[in-house]
Each structure stands twice: as C-alpha cells, then as structure tokens.
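Below you will find one chain, with nothing else, as structure tokens; this is the form predicted alone, and questions on how it binds or moves follow later.
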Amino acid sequence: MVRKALLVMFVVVWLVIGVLLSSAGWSQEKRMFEGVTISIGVLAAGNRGPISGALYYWRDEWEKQTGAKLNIIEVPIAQIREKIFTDLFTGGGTFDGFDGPIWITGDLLAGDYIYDIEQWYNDPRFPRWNKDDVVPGLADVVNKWGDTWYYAPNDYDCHTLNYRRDILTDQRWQAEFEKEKGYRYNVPPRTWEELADIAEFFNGKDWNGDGEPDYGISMALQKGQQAGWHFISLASPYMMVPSADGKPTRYKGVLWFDPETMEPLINQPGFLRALEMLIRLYKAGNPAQLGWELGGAWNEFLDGKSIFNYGYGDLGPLAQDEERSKVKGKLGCSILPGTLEVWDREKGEWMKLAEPNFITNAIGPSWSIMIFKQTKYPEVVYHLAAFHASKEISFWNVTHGFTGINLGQTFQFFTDQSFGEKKGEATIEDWVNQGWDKSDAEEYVKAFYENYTMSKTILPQLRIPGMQSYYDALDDQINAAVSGQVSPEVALQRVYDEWQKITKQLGVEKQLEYYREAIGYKK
C-alpha cells in the first residue's frame, strides 16, 4: 500500500513538473548539449539543504531537457572563496561555474574570471527570463556591475523580522507589558529600542506554557558565521541618512566607506550605538547564541522558544515544515525596525526624526550562478542559470523552504502589490497550494514587499575586492565586544584600523574605484 502511494505521488510530481516546463515553452526534444558534463560548485548543504537543494531537486529535469550532465560539487561555506580562487588562479578547471555568494564579485572581476551574460540573454535557445521582472533596485546590487548583467536571477537575500504573532497580539501580555514598561507596544515593533524593550520583557518568562522559561530573541552570533551581517543590518538606520532619489551621495545613502576618500566609517557614532544595541539584544536571549550558526537560531524560534528572530527569509518557508516547526500559523513577519535618530556625518550630530528611519535591506550572499571563463562550456552553464531564473522554477524554489532561495522577482508577489509599472502575479492560493498557512504567507510576502518598496535607499552587500578580509576583521571584533572581551569603542576602532590596512594593501585608488562602481556612486 505504501509503495503504491509513493508511486502515485511520484507520477503526480512529474506530471506537475511536465506542466510547468511545458508552459515555459521549452522543447523537451532538443537535448542541445548531449554528451557534455559541467561541474558546478555550491554551498555544502546536501540534497535537501539551502541553495544546493534546488540544484539537486531540478537536476534530472534539466539533464533531460539539455542532454547534458550536471556534476554538483559541494563546498563548505568557510572554504568557498579559497576553493574558487585557487582553482581559477591555478587554472585547475575543477569548476565550470559556481552557485556562489555575490560578495566575491569584485574579486572575480578584478581577476577577469567571469563572463557577463548579455550575449545570451535574448538567444531563443535558452530558457526565457525577464530583466524587468527583478524588483527595482535589486539588479544593481546583485546581478549587475555598472550597466552589465553578470548573473541571471536566482536568490535575493535580505534581512527581515520574524516574531510570534500569537503572543505579541495577546491582550494579556500587552497589558502586563504596559504595566511594567509604561507604554503599549506596536505589533510589529517600530524601532530597535522598542524591540529590545519587548525582548527583555518576555525573556525568562514561560510565555509558551511549557513549564520552562523562554527567551526574547534568537540570533546567530557564532564567530566566523553571520554575526557581522546581522550587525550591519542593525546599524544601517543609525548610520544611513536616506538620499532623496536613492542614489548615494558622499553623506547620504552610504554605510561602509566615505566614497570620496575610502576612509572606513565603522568607528562613527552610529555604528557605536548599533553595537551597544546588539549587546543589549544578546542579553535578552539564550546565552548559547554566541555558539549558534543560522540553524541554531532558527531552531530556537521554530521550536517555539523565542519571540523574535531577524535575518534571511529562509525562516518563513521553514516554519511551514510541521516536522521541524511548532510555529506554523503563528508567524509574524515585517521589515526590520528603524530608529528615531540617525547620525548625520555631514553635520557631525544626531538628526532627530518624527518617524523611524527605515532602510531597504539587501544584505547577504544572494547566491547566483557564476560562469567562469575557464570553462569550455559557458553556454551550458548559462542554460542552467536561465533554467533556474525562469518564472515557473523560480516560484517553486522561493515557496519551498529547503531551497534557501528568497524572493526578488515581481511575479512572486501578490497581484495587489506593485513595483512602479510592474505588478505581482501570485495569489494567496498559489502560496497556500505550496503548503503555506494563509496568514503566514500574507505576513511573509508583505514583509518582503514593504522592505523593497519603503525606501529608495538600499543597504547593499559589500562586493569589492578583499571583502572577505574586511568581513573577517569585523566579525572578530563583533564577537569580542558581544562576549565582553573589549568595549564597543575599542572593538570598532580596531576594525577601523584593520580596514585601513587592508585598503592600503590592495591600493586605495583602486579600491575606491571598485567601491564607487559597486554602490553606483558618481561625483
């Protein structure tokens, strides 16, 4: 009986896939790359893990369509940069391409190691995707360098806030909070200060009724992992004065370096206040956070033990997996909180605001398929990238948690959500049909939509040469400050000094040129 059920399920899955691909207009008889094998590197996470999972899931169908073979090579995240650049520098030829993090783009371009994809974009031999489908502003900080496209759409990372909607909207907890703190909180919280108040209030209370104290927030703060990116997201509203049109100027819409001098901004008062906030938040959660990778922080939230978690969009889809999650149907999602003060570098003073300063967030690896110039088969690698960028495959990927692929194309959003002239194409039923709770899906998609449309000023991923060295210096000192080894002031000054050294080693003028191109700064 079980075998029969499995057989029926198998047939149904392939019928669905057949319909999807048929609607995409691809010929299933072409097999245009018969006999070719390409090797693509990817984050080591297995056949049901983030990023690698999508390659494994669709491999058989892609091979059937093209006649080519796909050899997937998994690489641990800490070794990705070393493995890629050793292979490219020595001409080893291990990888034809890589489903890699965009933060190495500057290093790849500096070495002239990757193809742009403009030559194949309109070629009818390849699966069709539309440049105009990418949410406005995202292509500039993910897919393009200057005006040239290097990556087809795949994953679009950003940080959003996840919270326990059922607990925060409970009138009993709202009344107890008001009695203790003297004000009524917003759902979701509007500022980082409000979020910290709420996290501290719930931390240590048995708010889930399991007889044990629970926590206010869960964060991935392990050294060598993601703590630095979480700090940068938290710092952005303290440091970034929005520019009117979204284009960076010397004093507005920039975060990492002064675009006129390449001097690091990391020791500015806005970053200091953000680091003090990060330490405050750490104390409102499990002390084990300092040893957690992303999975540890996600598990704490999915297990129903924490009120807040902020970070990549993977958590929303994972919350729908009832084998792993106790919070399906209880999920709240929103943009990250803002601040009521932002550091004005031009005037050297704090600017007070009537409404919170919210910054559109695009931080993260945004894993994209890179086509290396050392490959004999660039068209085959591009076909793979275009296959995953196409509408049907992309929508399936973003709605299934194990893929780790997040929203960034307009058709993934709801029909009442618009991006200028482009409108979303999905309905709530489309998401529910993929296994989502209706309210969770509405919260999740709304959070991404508001993040991408609330402000023209974007916090981008740093993509210049040497990015890994800059990040490692930041990561070391964030850990030192949060663990209490050094003061926040000392930690940030050390990062400043190290970033100055890295920039001088790589060449100030050259780094300044890359930085300006990466963020779209023009004098």
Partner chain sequence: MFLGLSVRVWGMAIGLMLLTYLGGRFLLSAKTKQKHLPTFLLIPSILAILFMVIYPLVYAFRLAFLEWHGFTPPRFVGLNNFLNMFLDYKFWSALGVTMKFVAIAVPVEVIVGLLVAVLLNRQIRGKNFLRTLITLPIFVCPVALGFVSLSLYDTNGPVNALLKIFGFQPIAWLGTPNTALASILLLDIWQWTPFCFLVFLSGLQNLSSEIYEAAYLETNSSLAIFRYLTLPLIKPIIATITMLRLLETLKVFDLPMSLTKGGPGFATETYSIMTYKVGLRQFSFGDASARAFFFLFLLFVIFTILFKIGKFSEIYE
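The shown structure was predicted, so the numbers you read here are calculated from the model rather than taken from an experiment. Residue numbers count along the first chain shown, from 1.
In what follows, reference is made to the form predicted in complex with the partner chain, a form of this protein that is not presented.
J.: With the partner chain left out of view, choose which of Q225, S243, N267, T94 has a non-hydrogen atom within 4.5 angstroms of it in the predicted complex.
T.: Exactly one listed residue reaches within 4.5 Å, namely Q225.
J.: Which listed residue (E276, E118, E193, E293) meets the criterion of a heavy atom within 4.5 Å of the partner chain in the predicted complex?
T.: Exactly one residue meets the criterion: E293.
J.: Want to guess which of 48-56, 472-480, 62-70, 452-460 is within 4.5 Å of the partner chain in the predicted complex, heavy atoms only?
T.: One stretch meets the cut-off, namely 472-480.
J.: Is it the case that F33, N122 and V432 all touch the partner chain in the predicted complex, with a non-hydrogen atom of each within 4.5 angstroms?
T.: Heavy-atom distance to the partner chain in the predicted complex: none of the three under 4.5 Å.
J.: Using 4.5 Å between non-hydrogen atoms, is P287 touching the partner chain in the predicted complex?
T.: P287: contacts the partner chain in the predicted complex.
J.: My question is simply whether E349 lines the interface with the partner chain in the predicted complex - judged by any non-hydrogen atom within 4.5 Å.
T.: Contact check for E349: no, nothing within 4.5 Å of the partner chain in the predicted complex.
J.: Is Q500 one of the residues lying within 4.5 Å of the partner chain in the predicted complex, judged by heavy atom distances?
T.: No, no contact at 4.5 Å.
J.: Would E82 show up as a contact with the partner chain in the predicted complex if we use heavy atoms at 4.5 Å?
T.: Although the partner chain is absent here, E82 would touch it in the predicted complex, with heavy atoms inside 4.5 Å.
J.: If you apply a 4.5 angstroms heavy atom cut-off, which residues in 442-469 are near the partner chain in the predicted complex?
T.: In sequence order, P465, G466, Q468, S469 come within 4.5 Å of the partner.
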